[in-house]
Each structure stands twice: as C-alpha cells, then as structure tokens.
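The structure tokens that follow cover one protein chain in two forms, given apart as structure 1 and structure 2.
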Structure 1
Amino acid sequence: MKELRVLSPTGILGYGFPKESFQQGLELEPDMIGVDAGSTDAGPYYLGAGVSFTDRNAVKRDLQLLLNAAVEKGIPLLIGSAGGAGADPHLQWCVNIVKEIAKEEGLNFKMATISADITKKWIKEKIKKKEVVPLKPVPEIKEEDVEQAIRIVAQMGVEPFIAALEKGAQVIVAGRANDPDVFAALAIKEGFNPGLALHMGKILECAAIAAEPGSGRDCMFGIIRDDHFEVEPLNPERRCTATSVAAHTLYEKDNPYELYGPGRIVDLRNCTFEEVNSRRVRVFGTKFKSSNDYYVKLEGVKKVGFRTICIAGVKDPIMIKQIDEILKEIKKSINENFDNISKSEYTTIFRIYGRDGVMGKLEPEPLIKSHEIGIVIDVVAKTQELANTICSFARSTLLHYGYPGRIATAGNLAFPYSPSDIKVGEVYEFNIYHLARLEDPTEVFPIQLEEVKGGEIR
C-alpha cells in the first residue's frame, strides 16, 4: 500500500518545538515538512501594519532546523501564511530570513514565493460581477470598503502549492494560505484522496495540539494511505486518542459535519477514529466534494485611528458595587470637558476584568463576584495626541472621582505600571472578510522561482 509521510513541527512558525521531537520525526523519513506561519487570531493590526506577530529570532531558530533538515533529506518544505498575516511585506520578511540562513549554513535549493496580495482594481471588478459575497454576519461589500482598505490578501488553496512543486520548488514560502492546504498539497499532487489529505492537514496544522496533553509547540507526524490516514505526536509524553483527534477535527468550525475551504467541502459525516495503539489514531471515511464555484476568502483591513490604554485595579467593595454608574459619570465628564471636540473623533471603552472583560455583552454571568476588578481604559482617536489626552483625562477623573459612600480619598485606582498611560499606536479593523469567486485557483497567486545558492556565497 502506498503512503506519504508529513512532518508538522509546530503550530505556528516561531512558536518553537523540542529538537528531540523533531529529530524523532526525521528518523521516520518524512516526504515533506509543512508549517503554518500565520493566523488572524492576533487581530487586524499585523496585516495593516505589515509586521509579523512572531519574533524574528524565534522564526529564524525554527527555520534553521527546518531548512537544514529539508535540504539534507532532499524533501520539500512548505510554509503557509508567511510572516503571520501573509501579505507581501510579511512574505518578503520571511524570505529574507530564509536567504540569511541559506548564506550562513551554505544551503542550496530552488525556492518558490507565492504572493497572496489582491489589488483593489481586481476586487472592484468582482464586485461589479456580483462575485464577492460576505461571510456572515459581515455585511455586503462596497467599493468604499475596498478604497479604505490598507492591505488585502486572499487565502490560497492547494493549487498554487501544487503548481510550485510541479515547477521543481523544494522550499515554498507562501503568503496567506488556508491552513490545512499547506500540509495536503503534496499528497493531493501525488494522487491521494483529497478529502483524507485535507482532513489530515486539518489535524497537522496545529501540530501537537490534537494530542493529550496538547501543545502548539511540539511535533506531530501524519501518514496518509489509500483509504485512511494516521497521526501521532513525536514527544513520548504525548499521545493521540480518538477523542483528541475527533475534537481537533471540530477546531474553529461552526459545522461539525463539513469542513469548508477553497473550491471544496470536506464531508466528515462518515468519519471513524480508531486507536491503533496507545499513541496513534487512524481515521477513515472522510469524503471530498468539489464546490460548484471556486471561492477564496479575502481579508482586508482599514485604519481607524490611534490607541492609548491605561490598566488599573479596584479593590474598594463600595466602588465595585456601583462601577457602572461611576463609569457613566466619567464618560459624561469627558464629553463635557471636551465639548469642543466632535464625539466622532474618539471612543472610550472601559473593559472590566472580573466581570465581562473577556466576553462583553455575551457574558452569561454579569454579576461581579470577586473582591477586586481590573479596568482597562481603552481610547481610540483620530490622532495619537487626542487618544493620549482623552485617556489621561479619563484616568485622572476616575482616580479621584467622589462616588457615593466613598471613605478613603487617597485614590480609587491601583496602577501596576508607570507610566500609567500606554501609547499603543495605530489601530486597524477588518473591513473586508468576504469570499471572492475565481475562474482559476491560481489566477491571483503569482509564483516566483529562484535558485538560492547559499553554498556558493560563503
């Protein structure tokens, strides 16, 4: 029975992994190494600012191990969503690290870079053709949204990776990509069941998170065969169980039966999870369905202003009991003091930790039951100077506010940091979170090939 072996070293490039686990994976003779390098979990800032949410030194450490292993074994290394957000600045950032390592280590290989940046002109044309649809509850896209966007990317599927592999690339550094597709591309290229390949990719994308105990910074190994795939963690302290793998199949999904992706639906209704031994799980029954149309997800961000925050603690039970009324009065004071400034130029939010700081209006138990609370004063304004001004005023007013029943007058807040006001800088928000129809799965993902000859540069 033919098989293909995939090594996933870490949940996100730069999160790290034990060298011992990685070496164990190499001894199992993988046919490729795959790694996801990005996510929208860190929010819209990184796409807008064009910087990575992972540290350069940490990414370089991981890449040194991955590149040396891939070149030594002569196997492909596939990297998706390079630099965190997967736009061209992030892509180039990651490519520069790859070339730096190649020069230092004397490595030679053929590299493909795949851009995921989308032009505004292209999206506007798609809007006119009614080929851009929202991911609910996002509203319909408008040309105004496109104009306001600082940067827009699309999530590529397996096809650009396969095209790069067919062109002879050994190292592929790709922009924004659908996570499972990075790990499924080679298997699909080699003729394996695409449903099984993508399901295995879904498990491998987060590395050992699908194990017990789970970890995003440890290695996982996958083997795909004709009618099933198997996954196993490479750290002997971890194990896969039928429950842990089935649970991760549901990770970040709103439908337990279908896994959506570019141009397809992976049908999970008839999946079975079988424990081969105490550490390995075998999965059968995943099916692949092609979509009638091929859609990719678009991610775009616009700049909304600048942020300043202040973090403070409150322990007085008298103040805690009436915190909502107090904060209403603080907002009223802000509006009165700065009545010469339009309210559209700034927003002030008080996040109360110990009550609903995490879930906000969705918090099912809004009553404060703790003996202390944390308050984050969050101000976003059109300029950094205005954000600083409003936050400073809100902090000082709340610090000395004379609420009913107050006994101590030395100050209402405890500050863990000095300075108390933290200038965060530019603020972005997602304003494009839609699906766009493609005629060709590779049409907006150009591939550039080059021979990296680090061994000749030394």
Structure 2
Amino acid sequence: MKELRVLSPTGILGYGFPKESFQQGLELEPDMIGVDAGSTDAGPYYLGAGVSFTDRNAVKRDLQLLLNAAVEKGIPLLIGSAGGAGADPHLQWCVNIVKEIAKEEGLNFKMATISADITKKWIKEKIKKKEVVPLKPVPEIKEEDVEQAIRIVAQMGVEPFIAALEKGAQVIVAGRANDPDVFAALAIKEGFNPGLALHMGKILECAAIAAEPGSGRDCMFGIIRDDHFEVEPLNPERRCTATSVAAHTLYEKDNPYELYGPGRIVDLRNCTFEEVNSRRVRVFGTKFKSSNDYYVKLEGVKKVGFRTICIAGVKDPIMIKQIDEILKEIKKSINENFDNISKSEYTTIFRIYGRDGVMGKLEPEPLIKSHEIGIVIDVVAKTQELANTICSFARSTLLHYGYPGRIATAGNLAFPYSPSDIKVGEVYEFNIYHLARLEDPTEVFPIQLEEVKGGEIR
C-alpha cells in the first residue's frame, strides 16, 4: 500500500523535544521532517520588532538534531513560520542559524528560503481591486492601516513548499505559513488526498499536544495512506486516543467542523476516529473543498509607542478599601503636573491584580477579596522618555499619597525591585488581519535556492 510518513519533533521550533522520542521517530523511516516555528499567540510585538519569541540557543539545539537527521537520511526538512512571526528579519535569523550549524557540522544540502513579506504597494493595489476582506470581527482595511503598518506578512499554503521541493530543495526555511500546510505539502505533492493530508498536518503541527498526556515538546508521527491517516506519539508514556485526536481540532480554532486555509476548506463533518491499538489513532473521512478564489491571511502590526512599567504590592487594608478613589487622584495629579503635555501622548493604566488584573473589562466580579493586591503601573507614551517620566511620577506620587485615614505614613507601596521602574520598549498592536485574493498561490512567496556547503567537520 502506498503511504507517506511524516515526523513532527516539536510543537514550536525551539521548544525542545526528548532525543529518545526523536530517535524512535527516525527508526520509523520518515519521508520528511516538518516543524512549525511560529504563532501569533505571543502577540504583536515580535512581528513589529522583527525578533523571535523563541530563544536562539534553544532553536539551534533543535535544528542541530533536525538538520543532521534530514541530511543523513536524505529526506526533506520543512520549517514553517521561521523565527516565529515569519517576516524577513525572522527568516534571516533562522537561515543564519541553519548555516552556522551546516558549517560547524560539515553538512551539505540544497536549501530554499521562501519569503512571506508583503509590500505596501501590493496591498494598496489589492485594496483598490476590492480583493482584501476583513476576517471577522476585524473592521474593513483602510489605506491608512497599510501606511501605519510596520511589517506585513501573508500565510503561505502548500504551493510554495511544493514549488521548492520540485526545484530539488532538501531544507526549506519558509516565512509565515499556515501551520498544517508545512506538514501536508509533500503528501499533497505526491498525490495523497489533500483533505486527509491537511487534517494530519493540523494534528502534527502541534506535535504531541494531541496525545494523552499532551506535550508541546515531544514528538508525533503521522502516516498517510489512500483513504485514511494515522497518528501516534513517539514517547511510550503518551498515547493517542480517538477523543484526544478528535478534540485536537478544537484547539485554537473557532469551528471544529471546518478548517479554513489558503484556497480551501477542510471539512471534518464526516470524520471518524478509530483506535488502531492503545496508542495509535486512524482517521477517515476528511474532505477537501477548493474555494472559488484563493485567499491568504495577512498579518500586520503598527507601532503605538513605548512602555514603562512599575510593579508594586499593597497590603494596607485602609488603602485597599479606597484604591479606586486614590488611583483617580493620582491620574488627576499626572494631568495637572504635566499640563504642558497633550493627554493624547500617553496612556496610564493601573492594573490591579487581586481584582480584575486577569480579565479586565470581561471580569464579571471586579471585587477585592484578598488581603493584598498587586499593582502594575503601566504607561504607554509616544517616546520612551515620556513613558519613563509619567511612570516615575505616578510611582512617586502613589508611594507618598496621603489618602483619608492613612496611618502608614512612611510609604504606600512595596516594591520587589530596585530599580522600581522597568523600560519595556516598543509597543505594537495588530492592525491588519485580513484576507487577500491571489491570482497565483505562489505570487507573493518568492523562493531563493542555495547550495549550502558546510564542507569538512571542523
């Protein structure tokens, strides 16, 4: 029976994985290794600042194992959403690590780098043609959003990966990619059912999260055949059950029956999940539906300023009882003291842990029931200097504020740190989360091929 075998070592490149599990996976003779390196989970900062949310040493550790295995076995290694956010600075960061390893370990391979950056000019033309639509509940895109965006990426589908494989690339380092597509590309290229391939990809992209007990840093193995696929964790202490695999399609998605992706919907309505043995699950019935138009998801961020924070605790019950009134007075003092600075240039938020620090305006019961509270003075301003100024003033004013009935007259705040104020740096917000129509699924994902020659082992 024709089949294709895919090894997924870890949920995110840099999260790590046990060597024993990985070795177990290699013994099962995979046809490719795939790894997802990205997510928007960590928020807008990383796309804006052009840095990875994973650590360089940790990514290098994982890549060393993956590259050596792929080269030794002569199988492709596909990396999606390189560097986390998958824009050009992230891609370059990841490519540099790959080349560093190749040099250190004397590895030779053909590498494809696929960019996912979108130019402002390109989007503006798409907007004019009415080919950019919001992903609900996002508002319609305006030219102004594009102007304000620091960096914009598009999530590629399987096609750029397939194109790179057809050009003979063994290692593919891709910018922002739809997660399942990294794992489905080779199977779809080889003619397997794309619905099954993408559903298997959806499970493999999180590695062992779909197992019990779940883990984002342990390996998973997938086998696709004619009318089904199978998944199995590679650590003997974990197992896949029909429920654990079925439940995984709920994860981080709004609809468990339909998985939307570039140019298609994967329909899970008629899926069946069958336990082959105590650790392996077989899935049938996933259907693939092509969309009439091929849309890709865009992600963009804009810069909103700079942040400085101060963390402090309050235990005095007389103060806690009137915390709202006190903080209102502090805000008033800020405005009065800096009446030469426009209020639009800075925002001051007092986060109260022990009341609504976790849920903010979604908190149904914003009451203080604890004997102490945590306060984060959070200032975002046009410049770092102004953020520092406002935060410093808010901190010193709150520290010595004489509220009614005060008996602890030496100071109102317990600081865990010296210095008390922490410069957080640039602050970004998502401002583009839209779909754009492509004429050709590869049109905005240029592929660069390169022979990486590591030469002799040093």
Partner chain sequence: MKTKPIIELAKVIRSKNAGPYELTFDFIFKDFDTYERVKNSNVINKEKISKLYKISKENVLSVIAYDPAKAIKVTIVRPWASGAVEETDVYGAQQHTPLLKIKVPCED
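Here the structure is a predicted model, which is why all the values come from computation and not from measurement. We call the rigid core whatever largest set of C-alpha positions still superposes within 1.5 Å between the two forms. Numbers given to residues start at 1 and step along the sequence of structure 1.
> Working through the pair one at a time, identify the form predicted in complex with the partner chain and give its number.
Comparing the pair, one sees that structure 2 is the form predicted in complex with the partner chain and the remaining one is not.
> For the two-part rigid movement between structures 1 and 2, is I422 in the part that also holds V266?
Rigid-part assignment between structures 1 and 2: I422 and V266 land in different parts.
> In whole degrees, what is the angle of rotation of the smaller rigid part relative to the larger one between structures 1 and 2?
8 degrees, smaller rigid part against the larger.
> Determine, in Å, the CA shift of G374 between structures 1 and 2 after the rigid core is used for superposition.
Displacement of the C-alpha, rigid core superposed: 2.6 Å.
> For P404, what C-alpha shift in Å results between structures 1 and 2 following superposition on the rigid core?
It moves 5.2 Å at the C-alpha.
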